[in-house]
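Coming up is one lone chain in structure tokens, specifically the form predicted alone.
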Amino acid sequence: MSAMPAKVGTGFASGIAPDRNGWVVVAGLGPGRETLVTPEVEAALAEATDVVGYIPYVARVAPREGLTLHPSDNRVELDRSRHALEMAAAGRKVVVVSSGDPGVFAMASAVFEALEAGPLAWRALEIRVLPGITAMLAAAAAAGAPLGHDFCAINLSDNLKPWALIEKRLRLAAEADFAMAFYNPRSKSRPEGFARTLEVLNETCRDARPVLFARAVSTPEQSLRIVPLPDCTPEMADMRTMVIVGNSATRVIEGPAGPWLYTPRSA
């Protein structure tokens, strides 16, 4: 596999038209299970000459003759996007992969950010975004229907925005009684964020609404745990966990294989 250059240049000048045979597809690989990758994404991967993405996501793409894999680190989204656009302008057929859905805290917005800042000629490229099943929806389906009424999704990572903004959004969402889905809840480098999240929720909600900890959804390691909000602890989540907090009307129904979690549509 070839690695992406450490520094990617701007490539084509704005006055040079890109090769019309090149294109960029930004694709979601789903939450983990191969059967959850859409046929449209599979078709794009079958036609691609190059696949660009974060190392573990590129590793999900099967190598084959005529396909070059370009894995890169997690914090070089714009470099990765520019690299993809440069290759497409040179006539390559490039798939930029994300897990889940590429438009949900993933690569689609980074590609368009690079497009907006790049040479004008790039805007003549064929660029498509192919949806995927994001972890929030896979986790909700595995547990029942906790997102059955109004909800919001919040990325708890403060790599690209300040923690003060995250906390403001958390508090306002809780005050509005949204069900909430949390991406990137807790990493080794920032364990304090999820601890503060639980503090904010308990301060604002003041009830025992159910919280779903869905880890490694749709993989053989999948685990689901439903815990009342006051009993939640930071250690229950990691970077492979999707956390869904119910609203004040979210309910638990005991079933033969474990509880179901759902939010009534009238909530």
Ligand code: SAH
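In this text, residue numbers run from 1 along the sequence as written. Every value quoted in this text rests on a predicted model; they were computed, and no experiment measured them.
Separately, the form predicted in complex with S-adenosyl-L-homocysteine exists; it is not shown, and the next lines address it.
*asked:* S99, A216 and M239 - do all three of these have some heavy atom no more than 4.5 Å from S-adenosyl-L-homocysteine in the predicted bound form?
replied: Contact check passed for all of S99, A216 and M239.
_Single option in L170, V104, V129, A153 placed near S-adenosyl-L-homocysteine in the predicted bound form, where near means a heavy atom within 4.5 Å_ = When S-adenosyl-L-homocysteine is considered in the predicted bound form, the option within 4.5 Å is V104.
*asked:* Only one of G118, P185, G148, G144 gets a heavy atom within 4.5 Å of S-adenosyl-L-homocysteine in the predicted bound form. Which one?
replied: Selected option: P185.
*asked:* Check G53 for me: does it contact S-adenosyl-L-homocysteine in the predicted bound form (non-hydrogen atoms, 4.5 angstroms)?
replied: Heavy-atom contact with S-adenosyl-L-homocysteine at 4.5 Å: absent for G53.
*Does V94 reach S-adenosyl-L-homocysteine in the predicted bound form, with heavy atoms at most 4.5 Å apart?*
Although S-adenosyl-L-homocysteine is absent here, V94 would stay clear of it in the predicted bound form, with no heavy atoms inside 4.5 Å.
_Touches S-adenosyl-L-homocysteine in the predicted bound form: V111 (any heavy atom, 4.5 Å)_ = Because no heavy atom of V111 falls inside 4.5 Å of S-adenosyl-L-homocysteine in the predicted bound form, the answer is no.
*Using the partner position in the predicted bound form, report whether A84 sits within 4.5 Å of S-adenosyl-L-homocysteine, counting heavy atoms only.*
No.
_Location of S-adenosyl-L-homocysteine contact in the predicted bound form, chosen stretch of 172-180, 191-199, 120-128, 133-141 [non-hydrogen atom, 4.5 Å]_ = Going through the listed ranges, the match is 133-141.
*Even though the chain is shown alone, can you say which residues of 248-267 have a heavy atom within 4.5 Å of S-adenosyl-L-homocysteine in the predicted bound form?*
Contacting residues: none.
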